[in-house]
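For reference, the chain that follows is the form predicted on its own, supplied as structure tokens.
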């Protein structure tokens, strides 16, 4: 399916529930035109020195700092005034500055120069060629942050970048483009467009490398299209993150960590804690502590700037979470606090919700929930806990809280997930840009970390410093 004519898309305000914003989705022709324009500008950007690109990106970071208030306000409307919107610009600014500090070293260390060990008179040198056009397709749960963090590595690498955030949360695009237009050289190689899945499909059909963040189902479609075009796909997909809590753990601290890891941003984070395994002798005490801490969490209603939990960003997501709770209760789970979503002032809210008596026959322990739900399951042995944690077709990240770091590490290395938080949860952001990791199973494809080298193709130059070999005299023997 293609899109050849402009289409108006309605956008819901998650805090009021009203449809109060519209966007015009970019058509296939517009995406093709933007792609051609960006490709024309990319060679000058890619051939510039890394120091030059660093200077431009630092300038952009300064501009983002200056316009932070307008970016936060636009993103806050998209997220129902979620806490993540208040930190999103700083996350991006800090990521730009961190990458600027390490980019020259990353590229220099990756370069290889020398003489061939087999034929010493042959010198070799590796160069890097950026993919001309990187396509970034972002999700709705952290719209500004996740759409923009992913443009940093390809821009430092020398790519031009075309970005499409989710049509569910597109309001930040206007103030973001204002920051980009303020830096003409950057505006030549970085463009945000708005649209839905058809617009994203057009980007996949035009770009040279794709970074997609979203669901497994849509990620599979992107991967199939990229495979047909023989272009790389970096896929950051769903998660069903487990946490294992041992009998030796400090349960007070564990409950604090689990609550934060499970309900931050109303649980609408790919690496939220969604499965909690507690050693049986500690189970009841831990549950009591978690219930008490959950009772202190407040909704941001009626004051959007107060409280910790905002409404669901995507109306459909509230329905999915409710269905997981219904399925669990129908199969014998016990609701200990919280409950299904409730409508307040037009927004769909859910209080921290704790379930016990859960098992792996329930959706709440198998499928991505993406809400502030904490299903707690008891285990008896360490081997059982590891088996349960690995009983998933996801493998994004996980956590272990033990009596000490050694115990947590011993368990953590046996979990099939890309990033393991030890003695805490939700540490994935701390690893971004400094630690490389891969998603396991259906949670994605392609590594995460600094990312610059991902957007560079290697080119080898081989120079013969001796007389060329004579085929007639030497045949295929190496020249001595």
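These numbers were taken from a predicted model, which means no experiment stands behind them. Numbering follows the first chain given and starts at 1.
Note that the form predicted together with a small molecule isn't included here; everything after this is about it.
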(request) With the small molecule left out of view, choose which of 179, 141, 310, 76 has a non-hydrogen atom within 4.5 angstroms of it in the predicted complex. (result) 141
(request) Go through 82, 242, 261, 165 and name the one with a heavy atom inside 4.5 Å of the small molecule in the predicted complex. (result) 165
(request) Please run the contact check for residue 208 against the small molecule in the predicted complex: heavy atoms, 4.5 angstroms, yes or no? (result) no
(request) May I ask you to state whether residue 286 is within 4.5 Å of the small molecule in the predicted complex, using heavy atom distances? (result) no
(message) Check residue 270 for me: does it contact the small molecule in the predicted complex (non-hydrogen atoms, 4.5 angstroms)?
(response) yes
(request) Give a yes/no on whether residue 238 approaches the small molecule to within 4.5 Å in the predicted complex, heavy atoms considered. (result) yes
(request) Given that the partner is absent here, state which listed stretch (341 to 349, 86 to 94, 157 to 165, 359 to 367) has heavy atoms within 4.5 Å of the small molecule in the predicted complex. (result) 157 to 165
